[in-house]
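A single chain comes next, written as structure tokens; it is the form predicted alone.
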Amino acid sequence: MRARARARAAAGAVAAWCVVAAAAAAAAAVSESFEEEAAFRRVRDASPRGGARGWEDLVTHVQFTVRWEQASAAGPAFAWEHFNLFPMQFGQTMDRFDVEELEMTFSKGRWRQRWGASPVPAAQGVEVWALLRAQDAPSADEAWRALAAALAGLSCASLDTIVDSRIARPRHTFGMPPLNTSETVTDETLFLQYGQLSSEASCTENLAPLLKLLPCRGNAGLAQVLVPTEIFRADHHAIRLHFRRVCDSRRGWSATCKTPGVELVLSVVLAHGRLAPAHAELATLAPMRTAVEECPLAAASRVFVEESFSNATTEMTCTPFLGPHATRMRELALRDLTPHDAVTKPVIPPQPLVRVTERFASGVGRTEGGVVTRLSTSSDFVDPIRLQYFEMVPAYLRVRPSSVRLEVNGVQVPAQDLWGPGAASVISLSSFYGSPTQLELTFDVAPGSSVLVSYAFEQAFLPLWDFPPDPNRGFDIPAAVASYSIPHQPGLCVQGVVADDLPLASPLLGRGTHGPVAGRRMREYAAPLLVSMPLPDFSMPYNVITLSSTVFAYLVGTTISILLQEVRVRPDPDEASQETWKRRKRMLKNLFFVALVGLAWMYENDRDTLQELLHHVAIPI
């Protein structure tokens, strides 16, 4: 008995050791992490009225990062199983449609130039683009339609309405990916699908499902700062969900990948304008002092506040040196908001290299028009940069290819340089009530330049069923996108810290506008437009239906009355015959009138049948 007990104890110890070893091996094979960060930046209102009253703007950036990596034992392919921190419903959707990278953004309000570069550049409304892996273009289109329907259910948005007439396939503008490198996709099995809904409104029902993707949801951590009433009453808000596959901590997939992984980033940016200094400081920090609790699943919870400092105590190697505008990011403890000893490197308030100064619709009337977009470049760089301008024009605006003009500093770029052999610019005309026109211009621009892009279009007369519920509001022209890569210039201080610095440990500072910028792909958006289309008299269908129904009711009613009318015979034959003749005479008159009305109706609506009917009596019509 004792021998058996010892054998069982030894077997139990061996089993326990195997379980512990398996758990340790699994822990070594799988690496998951969740980090949450928030950055607050105060911008002084430079307008005469705001400066006199001491108004300030508060820009808040909250970011949540979930990373899931697997060891080389799993092979180059990522195994979508045993979910822990990564949301299962989202991961299964990405696996089902073989999504390489995805970005979905909800935005409302205008981002003002005095706030610098937006940490989350976004178009008005909803913007979605996905990099899908498929065998061919039809398979990618089919996967996109199913993916849009799945995302619509996930985010409670009308993404399933992004059909073929609202889908574009830009080649160079997004650069793949837009936030990490300037390399473009050359894999023939990758297909980019892009769509916009300019009139889509964002509200609480869009934010709540996205917060449920986080490990602590909205119950703990910095997600408690995201109060819906504060978000949607801000002057500007942008909510972005970005997914990408990573390989050895870098973007993309490779057959030699040793550590495949996935990354999900949820970013929320708020901008409150014209606040008193006290409100600008406490508008978002005050709720954190009493309500925010640390998320136990978060590996790091960081809070950064941008502070100004004196030039005499800090050495800057940036070019240009902005002097009193230089700032630094100080990290605070989440529990008591006390400053840490470790302070990040000095930074320059982010300023974009390219700005969209204005965009407007031109033309008079509802038959022809045009769109004009003006851009300007900063003087903070030396060598010319390559700029991609992308615009998606709906099919109901028929763009004239000969009217596309590009001017740099008032000089028109020759068409040969834009569309000639070897040129990267592309224009794809729309089909009849089908896919939109895609205009993608690629050109080099020097620092301190002004750029003008314009084109003319003809407004199509749409069928009745293609009009929206409120056609008098106007028809949307989606926002235009200007994309460029930050040049590799030593000492460049735009968009964040010095361009040749190493990446910071913080995902927010490393991926956002305060991080290293050399080679990063940046985007600037122009505002969407509304154009008035030729509208028919919408009362005419009602009038036609009313008149046709009246004539048809009279015709049917008279016919039924004649067929069902009872014939009475009176005793007096003379009077009865006379009365019968009068009755028949009235019936013949009614039948003649009904036949005449019927022929008139057939002449207007079914002339072919009428011709066959009268062909036998040889009556030409």
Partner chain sequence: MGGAWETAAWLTVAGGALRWAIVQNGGAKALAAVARSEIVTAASSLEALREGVFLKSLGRSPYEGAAYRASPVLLDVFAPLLEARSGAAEALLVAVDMAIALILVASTMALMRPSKVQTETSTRRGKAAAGEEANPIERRLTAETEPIPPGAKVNNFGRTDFVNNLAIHEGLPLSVVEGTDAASKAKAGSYVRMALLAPQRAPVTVALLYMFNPYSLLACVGGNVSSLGTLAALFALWRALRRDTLGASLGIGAALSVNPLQYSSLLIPVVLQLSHGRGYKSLLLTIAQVVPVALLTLVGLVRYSLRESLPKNTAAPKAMLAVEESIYSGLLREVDLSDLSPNVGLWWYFFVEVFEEARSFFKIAFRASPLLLVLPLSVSFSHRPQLLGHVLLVLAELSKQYPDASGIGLMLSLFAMHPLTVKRMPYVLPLAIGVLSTSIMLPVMRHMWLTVGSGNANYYYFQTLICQFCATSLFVHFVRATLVRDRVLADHAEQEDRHRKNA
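Between two forms, the rigid core is defined as the largest C-alpha subset superposing within 1.5 Å. Positions refer to the first chain, counted from 1. What you see is a predicted model, and the numbers here were worked out from it, not measured in a lab.
Beyond the structure shown, there is the form predicted in complex with its partner chain, which is absent from this document and is the topic of what follows.
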property: Three-residue site 433, 555 and 559 fully in contact with its partner chain in the model of the complex at 4.5 Å by heavy atom; result: yes
property: Stretch in contact, per heavy atom within 4.5 angstroms of its partner chain in the model of the complex, of 296-304, 377-385, 140-148, 357-365; result: 357-365
property: Single option in 84, 549, 204, 472 placed near its partner chain in the model of the complex, where near means a heavy atom within 4.5 Å; result: 549
property: Heavy atom within 4.5 Å of its partner chain in the model of the complex - the one residue of 415, 71, 88, 208 that qualifies; result: 415
property: Interface membership of residue 444, its partner chain in the model of the complex, 4.5 Å heavy atom rule; result: no
property: Its partner chain contact at residue 409 in the model of the complex, heavy atom, 4.5 Å; result: no
property: Its partner chain contact at residue 188 in the model of the complex, heavy atom, 4.5 Å; result: no
property: Heavy atom of residue 370 within 4.5 Å of its partner chain in the model of the complex; result: no
property: Sequence-ordered residues of 457-474 touching its partner chain in the model of the complex, heavy atom within 4.5 Å; result: 458, 461, 462, 463, 464, 465, 466
property: C-alpha of residue 403 off by 2 Å or more between the shown form and the other one on rigid core; result: no
property: Shift of residue 419 between the shown form and the other one at or above 2 Å (CA, core fit); result: yes
property: Large Cα move at residue 551 between the shown form and the other one, threshold 2 Å, rigid core; result: yes
